[in-house]
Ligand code: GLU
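Given next, in structure tokens, is a single chain: the form predicted alone.
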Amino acid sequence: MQEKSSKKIVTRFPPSPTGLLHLGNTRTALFNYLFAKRNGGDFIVRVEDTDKTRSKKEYEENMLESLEWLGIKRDGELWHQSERTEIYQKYLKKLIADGYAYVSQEAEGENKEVVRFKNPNSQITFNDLIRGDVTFDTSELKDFVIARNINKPLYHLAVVIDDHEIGVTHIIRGEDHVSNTPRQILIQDAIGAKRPIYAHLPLILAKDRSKLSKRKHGEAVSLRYYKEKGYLPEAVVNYLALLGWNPGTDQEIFSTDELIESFDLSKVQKSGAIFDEEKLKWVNKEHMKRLPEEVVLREIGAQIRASSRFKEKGWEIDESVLKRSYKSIFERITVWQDVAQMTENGDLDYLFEKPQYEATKLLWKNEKDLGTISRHIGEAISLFKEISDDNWNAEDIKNAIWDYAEKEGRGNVLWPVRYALSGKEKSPDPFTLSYILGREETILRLNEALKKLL
């Protein structure tokens, strides 16, 4: 069930621009977005950049570009905490004047004077949409610091004021923020803010069930890592949505619109969600299969052209060859970067240049007679010449040579044909290769093989 409210639902995503957008924060943004859109509400983005030393413009730009890439669109203006100092000052002065906070002379640290919140030492219970009722004894918090001085509010004070003024109705965030909630509720009560509804999400964990962290898991914790590897944004959204949330059906592949229609916070689990890139690859390939042919063809061509090997060799792409080869390439990839890697590895050299190899490479397993191989290739040439241009496709090519291969031994015939065309031990089958290269180029390469065997 969705949370009922007479007020328009407003969620928020408040990242600190102190590093690249983390997968955990990305999923938090996504869940806030899905929940808001499912309920006809607004999704607000607020940049928590009061830490001027660690906050960087490039990290903010990375965050905004990442959300745009994923299709997570904010409603209204982009909020910056750094532009709201005067507003925080007003609230801070009132808290002190009303006796909820006081200035404390501290003997240690850079700040000799801090502002502390006067703890009422009470019990606080709040209802979490995922965890149920949660109770804290605030006496354990003592009188906590809410500002370094009158001009420098700290996290708890700033977020409470911002959420109040933005009109946030639901705070959906990671479970590592549960312990922050009692402090923030105390401040809410002190400034007369309405308490929002909370939902604390399970953490995203690595396969060893440790928390994903840059220190331990490197760049693989950042969204940019997956974008650069060539994952589709809709696949990333789909997979992240399934980390900690279950639609209650067997459906695993969702468009963003389908996620919005299905999303329900009551179906978010309490335990941590394991991030598995192999599963992400599967989800990505399923989304790739749904792309129009022209998109797949264009992206494969772009990845080939972008590879350093392609540029160094000075190759040019024959568009007709690319169009005949893209399905074969597509079968072997799960992300776009795989195409560039195949090109770098030399797996696609046969598309752009005649293979170079020793004649003995044409021998199949225990075969030692080059003359026998020469006879097989010669017969392949004769059979292929009988195929018309109109019937030059993988199926007709296979039909033309299959009976001969069955009679002489499939490996004995098909291996040298395939190797003569690709120069690779691993490549598409000879029928697909012949179709890709075209009738003229296929026969030309087989004749080149005959010359090596003489």
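Numbering starts at 1 and runs along the sequence shown. Quick caveat: nothing in here was measured; it's all calculated off a predicted structure.
A second form of this protein, the form predicted in complex with glutamic acid, is not displayed here; the remarks below concern that form.
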- prompt: Taking the shortest heavy atom distance, is K327 within 4.5 Å of glutamic acid in the predicted bound form?
  reply: no
- prompt: Is E60 close to glutamic acid in the predicted bound form, meaning a heavy atom pair under 4.5 Å apart or at it?
  reply: no
- request: Answer with yes or no whether P14 is in contact with glutamic acid in the predicted bound form, where contact means some heavy atom within 4.5 Å.
  value: yes
field: Exercise: R305 in contact with glutamic acid in the predicted bound form, heavy atom 4.5 Å
entry: no
message: Which is the contacting stretch out of 144-152, 169-177, 69-77, 241-249, given heavy atoms within 4.5 Å of glutamic acid in the predicted bound form?
response: 169-177
V159, L186, I204, A235 - the one with a heavy atom within 4.5 Å of glutamic acid in the predicted bound form: V159
